[in-house]
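Shown next as structure tokens: one chain only, the form predicted on its own.
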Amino acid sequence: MKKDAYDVIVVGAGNAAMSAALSAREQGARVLVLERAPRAKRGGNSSFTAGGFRFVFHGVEDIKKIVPDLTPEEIACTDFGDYTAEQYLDDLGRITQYHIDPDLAEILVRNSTPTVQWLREKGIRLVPNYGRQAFKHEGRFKFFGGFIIGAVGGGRGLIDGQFAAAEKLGIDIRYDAQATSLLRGSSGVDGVRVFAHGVEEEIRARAVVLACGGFEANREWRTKYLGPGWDMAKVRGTRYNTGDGIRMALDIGAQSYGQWSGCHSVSWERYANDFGDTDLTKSGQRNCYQFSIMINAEGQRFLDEGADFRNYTYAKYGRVVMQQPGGYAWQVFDAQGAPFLRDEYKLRGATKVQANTLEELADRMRDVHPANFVATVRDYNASIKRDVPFNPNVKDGRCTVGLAMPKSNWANPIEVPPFEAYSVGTGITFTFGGLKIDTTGHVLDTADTPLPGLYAAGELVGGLYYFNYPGSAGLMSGAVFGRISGREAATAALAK
């Protein structure tokens, strides 16, 4: 292929990559997207998500700008609340123990709303996430945890919409094309070496955007950087995120950044497949633990199931499950908690036992110390402040008293049969370590100097998440920094 056949090459084809491609094309650049996966498995981790975006908004009027077909009935029965820039920044700081790069945090938050509006302009349909982010309680929905909006069709709907927009704009897309290294010329990065269909070739461009995910699907790197046991984790998403983009950039002097020992990991179906399946994106999810108690092999509770809204705890509890004896746990519900179980608990493939007594339940769980389990449940039931009313839409303060491991909210007793228990292991979503970028998406070298012609966005960017992650900030940051990096790469390329 002749030199400078393209202005911008985007490596990857998830939300961040497609946002970069669309943004670069807006500037008039000739754009090529390289997708390692075949067409049927395109979209990276984004295809496996719920399609949610965490963004700044002020009441229902801002929501109506993004979801103009909200009905009067929906508006009348819903408290959307608001989510200010200050709240967003506070959440990012608190959740990451204030390790987050403050400049990147500011860019993410300040660009969140215009980026969601931009996606809608590109044809992405968005709707309020009823049911998963707002329960109907006493006749009214109230959204909680700072996350309101998701793409129609979830992550797959988001990706299909972005690809449709890209094809309409004339963006070239190549599937089954694995980028293996970056090409460098006198003016910086000027292309990518690609292995496709058994043939290696060089494709030239004036700028490259890396947006091909972290290294969560690389067992060797997981064990090396996350630690022992992580080779056994289940990958919630794509099998193609093996750290290629990170490695290619490091090979030419890019700076590693962020928490390489950290990752987004959740309670996941214990016997799930090794990698995700886009036809079964929800089947392994076990995210209703706040209405359960979680029990390890020794029959003990080991975390505060009601510490905060699910959006602020689920991405760190996978690591806690892995640290338990045997690397597994059970989520235990009674008939009072069962109505709050999402559909994925009812799908085929869930490791579930049911019984009419706690003793029988322990026997059917088989790998939990039975006497300890029964004693744990009885001690938990006896400790609950039952005079505090239960409300699933707020941190209700219905807590335990006197336990070594408290439950801070939503503490309903486990006492009404039938009892149900679901076995969980650890599912890894994405890794936190990656490349250092500046606020324009430029990849930096070890001296904090921009590498000419190289930009990055999405899950291979380090510095945003440490220890934990606020739900739906991932797609939002991918879109924000994808849009910025695509625009900046195109501007630089067209100026050459």
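It should be emphasised that the depicted structure is a prediction, and the values quoted were computed from it without experimental measurement. A residue's number is simply how far along the shown sequence it sits, counting from 1.
Below: the form predicted in complex with a small molecule, not depicted.
The small molecule in the predicted complex comes within 4.5 Å of no heavy atom belonging to residue 55. Residue contact with the small molecule in the predicted complex: residue 43 places a heavy atom within 4.5 Å of it.
The small molecule is not drawn, but in the predicted complex it has no heavy atom within 4.5 Å of residue 324. In the predicted complex, residue 240 approaches the small molecule with a heavy atom inside 4.5 Å. Of the candidates 308, 344, 160, 244, 244 is the one whose heavy atoms come within 4.5 Å of the small molecule in the predicted complex; the others do not. Residue 50 is the only one of 444, 67, 60, 50 with a heavy atom lying within 4.5 Å of the small molecule in the predicted complex. From the list 173-181, 415-423, 224-232, 345-353, the contact stretch for the small molecule in the predicted complex under a 4.5 Å heavy atom rule is 173-181. Highlighted residues 16, 34 and 213: every one comes within 4.5 Å of the small molecule in the predicted complex, counting any heavy atom.
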